[in-house]
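Let's start with one chain on its own, the form predicted alone, as structure tokens.
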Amino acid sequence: MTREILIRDLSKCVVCDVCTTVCKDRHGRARMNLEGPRFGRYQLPNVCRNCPDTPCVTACRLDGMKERGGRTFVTDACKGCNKCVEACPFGVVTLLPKEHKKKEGFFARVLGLARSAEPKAIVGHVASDASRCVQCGVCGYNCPQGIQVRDYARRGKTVNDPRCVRCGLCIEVCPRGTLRWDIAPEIPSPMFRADKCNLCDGYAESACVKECPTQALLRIPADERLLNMNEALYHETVGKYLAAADDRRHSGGVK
């Protein structure tokens, strides 16, 4: 599937805010706003561009962000570790409280029913085994909240820092198996999850595009056809990624 992006045609837009309103109605919050860089008569709104180099997917260590068919999306495995938020170059990924009410389309609901039940809301903490810790610091380096987990591990203590979001990333990356949940075998329910535009995955169409009264909002393939619209727009959404890929190939980064 070809990667797609959202573009606003400024010559047609009357700034009625229907697009952001229907986005909020569908997802519980507006996943886009009408700011962003302009290229002649076109603008890239502040919304996920489904970057082909997928920095959010690369940053995620827990399979909470995936790429499929040219589109990145948050999965049910997301534990709100904040790595994708930090990695997004456009600041369009947000952490929301887990209890945030997200509406879903018919197909998304069907798929949700087919998955396992919701995790139990257990308050757990990261425990440690001092005899296994070698003070490598990998846990703290990967902690999205900057908690020095190894200080707890050195003493064999439970991490009780109030900043901990229970994402489990420190447990995942520990090379020595030093860390574990102090409640087993059930994993505590995370407090946050990432949220971003996924082009209304699970619905038949993008609400913002469908409901725009002037057809100013466009969902179009990010390919060479953009050259006919605007050369600078093409470079921003396609050309610079192709150039970066060529540089990696020439430097031996991609074989």
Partner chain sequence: MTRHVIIGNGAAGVTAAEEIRERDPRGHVVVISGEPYPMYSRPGLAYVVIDEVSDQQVIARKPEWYSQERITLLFGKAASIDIAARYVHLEDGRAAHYDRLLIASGARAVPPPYPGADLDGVLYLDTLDSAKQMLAKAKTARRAVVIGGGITAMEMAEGLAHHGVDTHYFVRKNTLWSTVFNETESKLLEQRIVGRGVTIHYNTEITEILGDADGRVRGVRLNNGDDFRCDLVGAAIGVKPQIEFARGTPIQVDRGILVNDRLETTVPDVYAAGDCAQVWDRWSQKHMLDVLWPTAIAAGRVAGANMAGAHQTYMKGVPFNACLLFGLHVTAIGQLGGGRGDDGEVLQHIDRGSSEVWATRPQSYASAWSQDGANTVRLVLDGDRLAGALIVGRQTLADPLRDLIEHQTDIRPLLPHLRAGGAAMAEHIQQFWRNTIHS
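Positions refer to the first chain, counted from 1. Remember, predicted model here, so these are calculated numbers, not experimental data.
The same protein also has a form predicted in complex with the partner chain, omitted here; what follows describes it.
Gln148 is the sole member of Gln148, Thr75, Gln145, Thr158 with a non-hydrogen atom within 4.5 Å of the partner chain in the predicted complex. Site annotation in the predicted complex: the residue of Cys133, Cys164, Cys88, Leu95 reaching within 4.5 Å of the partner chain with a heavy atom is Cys133.
For a residue to qualify, one of its non-hydrogen atoms must sit within 4.5 Å of the partner chain in the predicted complex; none of Arg8, Pro37 and Tyr234 qualifies. Contact annotation: Arg26 falls outside 4.5 Å of the partner chain in the predicted complex, judged by heavy atom distances. When the partner chain is considered in the predicted complex, Asp129 lines it closely, a heavy atom lying within 4.5 Å. In the predicted complex, no heavy atom of Gly124 sits within 4.5 Å of the partner chain. Using a 4.5 Å cutoff between non-hydrogen atoms, Lys66 does not count as a contact of the partner chain in the predicted complex. Contact residues in stretch 191 to 210 (any heavy atom within 4.5 Å of the partner chain, taken in the predicted complex) are absent; none meets the cut-off.
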